[in-house]
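There is one chain below, alone, in structure tokens, taken in the form predicted alone.
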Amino acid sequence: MLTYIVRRLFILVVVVLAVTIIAFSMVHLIPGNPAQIMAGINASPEDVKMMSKKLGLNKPLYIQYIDYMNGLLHGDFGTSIRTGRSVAHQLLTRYPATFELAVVSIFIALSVSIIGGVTAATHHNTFIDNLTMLGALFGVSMPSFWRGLMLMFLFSLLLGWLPVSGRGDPYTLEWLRHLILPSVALGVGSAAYLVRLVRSNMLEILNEEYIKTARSKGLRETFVIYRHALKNAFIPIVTMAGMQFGYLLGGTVVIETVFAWPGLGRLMINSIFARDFPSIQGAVLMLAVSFALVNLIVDLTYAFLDPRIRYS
């Protein structure tokens, strides 16, 4: 197990290095001159040139990349061109908002998908099964921004139950009220994918011989379904849930923009418009590391779910 973890951490370092190269290269393809933005629209060419020198943009790209990597190794993500603040401080301030939104969303997605998938599998080819699959199809078909706008229109504008946007003071009742709508808008989309996976895996497991044996022993149906069938169907579910969680960490851009949620996604959008490449690179790097760590945790979870799996 230890050897496997060390090997995966080495791969993680390689992935992060590749992400830094790709992110650094891509942000320099974005149209616009950051020095011009920092100096102002009415700045003279001399002022723009001085600002470019101050930001290090007059150096060759490979020198800029070496300077960037040297800063990363010392914990320096650079300085935001848009705000003038430390990028590391911005990331540490924004990341908790994105993380808590992703955690609550995946919790909603797993809760809905497990209940819906198990119910559909145990009522195969009935009205309940067809209704569940229709709901999953509808959930997949709806864009996340449309779900967010509809939830906002219904629960905020019409009913007035929940706030329209913002985050509120962290970890208070008001924060929880602000969290409900964006997390539901994200969680419904992931649940639509997961519920079909849960159903198909449960249908396959329920036809296995050991399930028939457990039923023939007189065990309660609830015990058979949740103790035997669902546990053995959980490995592919965990795999997809891990992928969905990684997607939620990096895919909250639209929802954060719709609900004015102060997370990494909204930071990236604002940074792209301002051509704030240090903030873009920092956000992309943090999301990439988070996604890789989630995949590692998912792989290690397999051994706990199935004792037959061992890493050597």
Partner chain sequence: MSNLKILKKLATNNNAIFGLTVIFITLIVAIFAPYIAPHGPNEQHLLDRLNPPSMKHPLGTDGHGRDLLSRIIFGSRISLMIGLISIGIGLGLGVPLGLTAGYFGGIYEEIVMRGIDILMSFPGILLALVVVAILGPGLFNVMVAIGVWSIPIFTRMVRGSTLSIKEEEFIEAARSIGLGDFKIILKQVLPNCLAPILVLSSLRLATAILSAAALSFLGLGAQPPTPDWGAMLSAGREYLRVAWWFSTFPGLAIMFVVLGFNLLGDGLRDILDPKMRGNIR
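Please read these numbers as outputs of a predicted model, since none were measured by experiment. Positions refer to the first chain, counted from 1.
Omitted from view is the form predicted together with the partner chain, to which the following refers.
Undergrad: Since the chain is shown here on its own, which stretch among 224-232, 207-215, 116-124, 149-157 would lie within 4.5 Å of the partner chain in the predicted complex, judged by heavy atoms?
TA: Flagged stretch: 149-157.
Undergrad: Answer with one of Ile180, Leu203, Leu137, Ile128: the residue that has a non-hydrogen atom within 4.5 Å of the partner chain in the predicted complex.
TA: In short, Leu137.
Undergrad: Tell me whether Thr3, Leu110 and Ile237, taken together, all sit within 4.5 Å of the partner chain in the predicted complex, counting heavy atoms only.
TA: Zero of three within 4.5 Å in the predicted complex.
Undergrad: Flag Phe99 as yes or no: does it have a non-hydrogen atom within 4.5 angstroms of any non-hydrogen atom of the partner chain in the predicted complex?
TA: Flag for Phe99 set to no.
Undergrad: Since only the chain is shown here, I'm wondering whether Ser105 would be in contact with the partner chain in the predicted complex (any heavy atom pair within 4.5 Å).
TA: Ser105: no, not in contact with the partner chain in the predicted complex.
Undergrad: Should Thr172 be counted as a contact of the partner chain in the predicted complex, where contact means heavy atoms within 4.5 Å?
TA: Although the partner chain is absent here, Thr172 would stay clear of it in the predicted complex, with no heavy atoms inside 4.5 Å.
Undergrad: Spell out, yes or no, whether the shortest heavy atom distance between Met26 and the partner chain in the predicted complex is within 4.5 Å.
TA: Looking in the predicted complex, residue contacts with the partner chain include Met26, since a heavy atom lies within 4.5 Å.
Undergrad: For the stretch 264-291, I need every residue with any heavy atom inside 4.5 Å of the partner chain in the predicted complex, listed N to C.
TA: Contacting residues: Met268, Ile269, Ile272, Phe273, Val284, Leu287, Ala288, Phe291.
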